[in-house]
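Below sits a lone chain in structure tokens, taken as the form predicted on its own.
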């Protein structure tokens, strides 16, 4: 227990063990790399070291010489996984397979050489990057919350403590009043990273002043946006930072109990958060005597069933209470009357993981990062038509251009080749967000600037799209998602999203008229105004933003019955360029309905009456003779 085993003792013991480590091998054990075989790579390192007569240290629990082999959370560069780092040299290897391990052990672990074939190659220059800091994807970021996620062993409490973990929480528990804790967060300017960016300190202060013998702190880990995995990666990679943030929040408002709500589709995050709670409790950090002060502090991990609406705070609280996850009107706000009718603070994972860093840096130090109206950094899940995809972190106020061109490495075509002039749009904030276009490339990404542009930070999803993307279909995709996820409690959301989806289906299937567009806008505005919760109020955002910036694309679908991107099957018309067609017959053989006619070695043609617009001919042509 911590009464007899202090943080200083745990840190000293870990440091003594770490001093005897010859080298450290870190294998990414985030969800992406794990699914790609990283644990087999981890185990192969242990086998290879033992085959060379060396001690493989999987757990640093006693001082002995050897080579440490540990897992980490997500290192961010997901498309290059499994990732392996060798310390202290700082070598980083990409796409490591089990059969590569013997060479890495021989050359880089027991030797001092780099296995260059496994190092990252810059796609534009062809340069080999041996170290993480050499890779543009990494050195053009500002990893703050994520800094330890690719380094720490997330299942080793002592390692978190060795990096300064829990000292800020202990100092707050023993030296600070709730008023001082809330004031620090308020002075830092921290805004909630889960959606609209409400000032965290104001929310905490609202709960602190409530006269109630029981209060709760809740961590919202119900990350439901398609393609978003920021909170999941923090829970997997640095779970104790989340717990420390929750302790600080609980001390600030006077709570003695907390819940971590994680969707069940995140089994690795669930497992690591549960282990973090167990280890912290066994060490005496949590439990009946927080840091030996006699103050009670308990945390419980709750698994959600994956309902998107449970990302809304009142629906989340209802789910924790054992009821169906449905939102309730506000006020009263959860800070006034929340879980089990007690004052409750709800922050998302990234917000809580930022809090310990604020107390280490100080409010002024934190405000020096980002911009005055939105201090700090923001993590983004970067996907789509770009050279580099993965988990990134940048200071608030970073431009979209910097992210796309410098960190992501530029826009690509549908085959992955760089095509710098092909940028069309970015969908930011998932189903609740909106589109940013060419004119927004210099837009600083912060809460207020994005709101003015008709978008929002949201949870932090960034989907980059090239010119081959149909923006009407993108709006339809997100509307399908939000319609499926509507809880059905209020009519505007339940019926409005259904009607918007039906109207979008009419557009992409060629049944729409100009009246359809007018009705779509009218319904979208009604849903935005009349819905009960944030899910419904933001559901029309993808529709309204694409109508704003790509109205001509909607008009092409409605008036010309044509999809400019050639993606909507009902509106595609295929044709063969006689000058490019050599009459190989491959398209004719692939056509499922016999709509292509022609003789060998002579140009073919497509019978428009028979064509079912499946695109098989377009996919099969090797000479780019077919267009849609």
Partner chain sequence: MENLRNFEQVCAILKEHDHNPNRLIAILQAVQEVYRYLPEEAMTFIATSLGIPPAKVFGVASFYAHFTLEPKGRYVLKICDGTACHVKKSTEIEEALRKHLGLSSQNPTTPDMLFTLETVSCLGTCGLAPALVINDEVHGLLSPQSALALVQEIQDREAAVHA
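Note that the structure is a prediction, hence the values are computed from the model and not measured. Numbering follows the first chain given and starts at 1.
Just so it is clear, the following notes concern the form predicted in complex with the partner chain, a form of the same protein that is not shown.
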Checklist entry - Which listed residue (137, 266, 550, 120) meets the criterion of a heavy atom within 4.5 Å of the partner chain in the predicted bound form? => result 266
Checklist entry - Though the partner chain is not shown, can you say which of 71, 334, 384, 397 has a heavy atom within 4.5 Å of it in the predicted bound form? => result 384
Checklist outcome for this item: Assert contact_stretch over 122-130, 550-558, 470-478, 250-258 against the partner chain in the predicted bound form, heavy atom within 4.5 Å, equals 470-478
Checklist entry - So in the predicted bound form, does residue 227 come within 4.5 Å of the partner chain, heavy atom to heavy atom? => result yes
Checklist entry - With the cut-off set at 4.5 Å between non-hydrogen atoms, does residue 303 touch the partner chain in the predicted bound form? => result yes
Checklist entry - For residue 35, is any heavy atom within 4.5 Å of the partner chain in the predicted bound form, or not? => result yes
Checklist entry - Using 4.5 Å between non-hydrogen atoms, is residue 31 touching the partner chain in the predicted bound form? => result yes
Item to check | Contact test, all of 23, 49 and 54, partner the partner chain in the predicted bound form, heavy atom 4.5 Å | outcome: no
Item to check | Any residue of 293-322 that, in the predicted bound form, places a heavy atom within 4.5 Å of the partner chain | outcome: 302, 303, 304, 305, 306, 307, 309, 310, 319, 320, 321, 322
